[in-house]
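Single chain ahead, by itself, as structure tokens, in the form predicted alone.
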Amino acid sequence: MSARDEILARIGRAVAGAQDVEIPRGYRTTQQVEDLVGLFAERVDDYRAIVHVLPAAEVPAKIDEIVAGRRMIRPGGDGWEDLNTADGVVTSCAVAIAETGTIVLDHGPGQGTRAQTLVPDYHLCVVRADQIVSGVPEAIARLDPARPLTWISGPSATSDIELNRVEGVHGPRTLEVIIST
């Protein structure tokens, strides 16, 4: 008998005859937040991202201002396509989570591929106010689990070595977010 089989047999003997216990599954699936845009902007800012909250009519001009002079990848557009020399990427998102300040890409139209969003050192993401939900359960309900999902909470960072924070190791060093209201 292997060690695994022995352990499982001991567990089986220990729980033999025990009554089934009902496990409550009433998890919180929604949360009321008065100002989703404000909370999302605050949380994204906490992650050291640059945040702009603008009326929808002002967003195109702001994008032009931000990307002027940069070689930018614009998924689905006619922008720069060489990942190795691109300065950054401009995307939309599938959903954004106010509670955690997280942006989720499902790589649908306007969101590019994972490589396009992880290789360049700069990521500009445009989030519409109606894409912001209060919490993770609401975000998951909006997403297709069959699609590739990229969850972004601020610029890429790690503290793996001696707890020293290093940004840009696994993705863009700079995240800039425009929230379109």
Partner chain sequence: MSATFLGMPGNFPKNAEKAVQNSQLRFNLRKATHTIRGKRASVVGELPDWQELRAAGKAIKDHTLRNLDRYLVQMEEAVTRAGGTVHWARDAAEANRIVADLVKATGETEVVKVKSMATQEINLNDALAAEGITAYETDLAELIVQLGDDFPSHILVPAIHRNRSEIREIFLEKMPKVPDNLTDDPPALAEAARLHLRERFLKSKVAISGANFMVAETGTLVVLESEGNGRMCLTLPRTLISVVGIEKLLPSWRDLEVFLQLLPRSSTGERMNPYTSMWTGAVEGQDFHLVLLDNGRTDVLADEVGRQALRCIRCSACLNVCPVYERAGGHAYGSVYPGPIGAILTPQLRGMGSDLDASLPYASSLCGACYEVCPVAIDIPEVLVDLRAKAPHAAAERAGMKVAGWIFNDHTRLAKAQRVATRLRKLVPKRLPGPLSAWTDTRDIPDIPEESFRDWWERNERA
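Between two forms, the rigid core is defined as the largest C-alpha subset superposing within 1.5 Å. All figures in this text were calculated on a predicted structure; none of them were measured in a lab. Numbering follows the first chain given and starts at 1.
The next section is about a form of this same protein that is not shown, the form predicted together with the partner chain.
- Contact annotation: E81 falls outside 4.5 Å of the partner chain in the predicted bound form, judged by heavy atom distances.
- At a distance threshold of 4.5 angstroms between non-hydrogen atoms, A57 is out of contact with the partner chain in the predicted bound form.
- The partner chain in the predicted bound form comes within 4.5 Å of a heavy atom belonging to P137.
- Within this chain, I152 lines the site of the partner chain in the predicted bound form, having a heavy atom no more than 4.5 Å away.
- Contacts to the partner chain in the predicted bound form (heavy atom within 4.5 Å) from stretch 1-19: M1, S2, A3, R4, E6, I7, L8, R10, I11, G12, A14, V15, G17, A18, Q19.
- Core-superposed comparison between the shown form and the other one: the C-alpha position of A157 differs by less than 2 Å.
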